[in-house]
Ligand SMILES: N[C@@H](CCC(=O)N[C@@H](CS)C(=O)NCC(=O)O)C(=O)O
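We begin with a single chain expressed as structure tokens, specifically the form predicted alone.
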């Protein structure tokens, strides 16, 4: 099993799940900035040139949600089975995580990757910050009085729990206490700690918190 990985990226979701499942996995590291993800070699694994991709069982699988679903079904663990009461909830949270991640990606582009800074759209940055806050409030409400997204830990927590550290780069953790406590519980899991130790740090964020800049003039 080979996981194609960028430190700080969505591939952490898969690495965390692999550690939770106790599977052996080799890491192949890539960069967001050197053009390697656009190479024919990588696009043969992930046609859109996006991380993660997982080589397993004689094939390559891309899209983190698809990989998580494949591995939980392959190992028959950490996901409700079709027909079980929480199956719908599991699928909802897996896909909610990607909705939230796409907002985070938009904020990353504006705050970090878009150059020159004059090319940034401050109204869009404000709008996406508000959209992110909507998702954070929904999670804060859902997690009040709960330990995990479902009745027990599942791959949905790997899928969504990865987002929370990035979310608090743009929203104050103090405004979302249940979500902040959930983040701390997930980060304390032994499998998360093992994954974080292998993951290679964070290749994206240089600051703890990113404010939306004032509109010039």
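Positions refer to the first chain, counted from 1. All values derive from a computational prediction rather than experimental measurement.
The form predicted together with the ligand exists for this protein as well; it is not shown, and the discussion that follows is about that form.
Using the partner position in the predicted complex, report whether residue 29 sits within 4.5 Å of the ligand, counting heavy atoms only.
It does not: once the ligand is placed as it appears in the predicted complex, residue 29 has no heavy atom within 4.5 Å of it.
Any non-hydrogen atom of residue 140 within 4.5 angstroms of the ligand in the predicted complex:
Flag for residue 140 set to no.
Check whether residue 59 has any heavy atom within 4.5 Å of a heavy atom of the ligand in the predicted complex, and answer yes or no.
No, residue 59 is distant from the partner.
Does the 4.5 Å heavy atom contact test between residue 161 and the ligand in the predicted complex come out positive?
Flag for residue 161 set to no.
Where, among 188-196, 146-154, 173-181, 29-37, do residues come within 4.5 Å of the ligand in the predicted complex by heavy atom distance?
In the other structure, the partner sits against 29-37.
Enumerate the residues of 35-53 that have a non-hydrogen atom within 4.5 Å of the ligand in the predicted complex, in sequence order, or give none.
Heavy-atom contacts to the ligand in the predicted complex: 37, 38, 49, 50, 51, 52.
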